[in-house]
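As a starting point, one isolated chain is supplied in structure tokens, in the form predicted on its own.
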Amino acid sequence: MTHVFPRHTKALPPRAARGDGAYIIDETGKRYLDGSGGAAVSCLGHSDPEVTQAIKDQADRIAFAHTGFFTSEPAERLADRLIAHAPEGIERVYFVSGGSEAVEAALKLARQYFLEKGEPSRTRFIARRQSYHGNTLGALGTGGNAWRREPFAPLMVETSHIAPCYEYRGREAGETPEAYGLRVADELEAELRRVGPENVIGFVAEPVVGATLGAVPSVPGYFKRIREICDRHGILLILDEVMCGMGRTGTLFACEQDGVRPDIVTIAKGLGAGYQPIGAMLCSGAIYAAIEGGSGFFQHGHTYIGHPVACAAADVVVGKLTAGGMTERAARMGEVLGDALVARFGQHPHVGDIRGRGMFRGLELVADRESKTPFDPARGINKKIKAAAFDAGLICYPMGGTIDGRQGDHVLLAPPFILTEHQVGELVDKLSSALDVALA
């Protein structure tokens, strides 16, 4: 008997008892290799003593001070560390408690920025189909995750959605990756002309699409064209790095690999590595200056923003990701993981694509490789893989609706950066067994 409201009322999960590096151990003693970091969260594993010590030490000093009255030393230190490594032009950090809150803050700040500039007609965003930006109403409305949006569509703000940069299914025969990227990026230009650029606040996108598409990076040149279009029409480029940022793809900020600078970028998940709930919205100096020189007040806020204990934990995490070399390790071990996936599944009759960057990898499952025909959604392939993997002692992140919200199955992998080569082998072995069971 439980009084906890679970995610699924008909499938009660086992109780997690403790963590041991890349493993979670349940109350029966069963060990699970965390091949997805939960939801791309646990980048340092589950038992980092330095992070937990920082939490204890800060709680002993002061656990909470409302930001309406105080700042705190951990928040100041963490903001300085993030800005030291942030993309060009990013100068301010607004701390929140998670990814959805970070995106909500980004959307509100973007709207207020144009109000401060005297451009109130800018009321809408453009994003991409099959994106995911969070589960609060603003973030959900901006995202393009069809099945998550459907029940709450009447409550959402209007957002335009253009095609994702999804090379496996979008690039035409004979088309170069670069030409494909420019073609789909130019959909932003077309949509701006349709709705009127004077009515648009910004374009929101994940540099590497996570949960909904399964670790899909853009092709070369795509985001540079997007940046050019945003600049030409005076709209903001808002990059959602909640899942793909903080070293996950092999650089601290995922957009570094695309050679673009955002106006606003959101981070969470790996920022706290699961040790405390924390996220952040980072903005350019120009956006901050518009608020500072105008009303002087960002009309937004939550009780726990800038939480000292959360910031203390995250400061140690980011220190390990940067000076501690864990981001470089993610890049290196990501290649080991990618090679192992290709070696095991590259010729698998039902693995159509293996993709991703760093420790952020995805496999797309198909009924037929040559035609890329997806499995019938009624088979629930992704659900069967998740159950079989969990039974085998592997946590992974399968999802359905990859193509259009209904059709398509993929498996997302986002293991801790501390993963060893032996554990890469364990992950691949257990995933292979799970596929055998699910596809039988």
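So that there is no doubt, residue numbering starts at 1 and follows the sequence shown. Everything numeric in this text was worked out from a predicted model, so none of it was measured.
The same protein has a further form, the form predicted together with a small molecule, not shown here; the description that follows concerns it.
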Give me the residue from Ala273, Leu213, Ala254, Val103 that has a heavy atom within 4.5 Å of the small molecule in the model of the complex. Val103
With the partner omitted here, the residue among Gly138, Pro197, Gly170, Gly98 that in the model of the complex has a heavy atom within 4.5 Å of the small molecule is Gly98
Taking the shortest heavy atom distance, is Arg248 within 4.5 Å of the small molecule in the model of the complex? no
Quick one: does Tyr132 come within 4.5 Å of the small molecule in the model of the complex, counting heavy atoms only? yes
Is there any non-hydrogen atom of Val242 lying within 4.5 Å of the small molecule in the model of the complex? yes
TL;DR on 189-197, 234-242, 216-224, 347-355: the one with heavy atoms within 4.5 Å of the small molecule in the model of the complex is 234-242
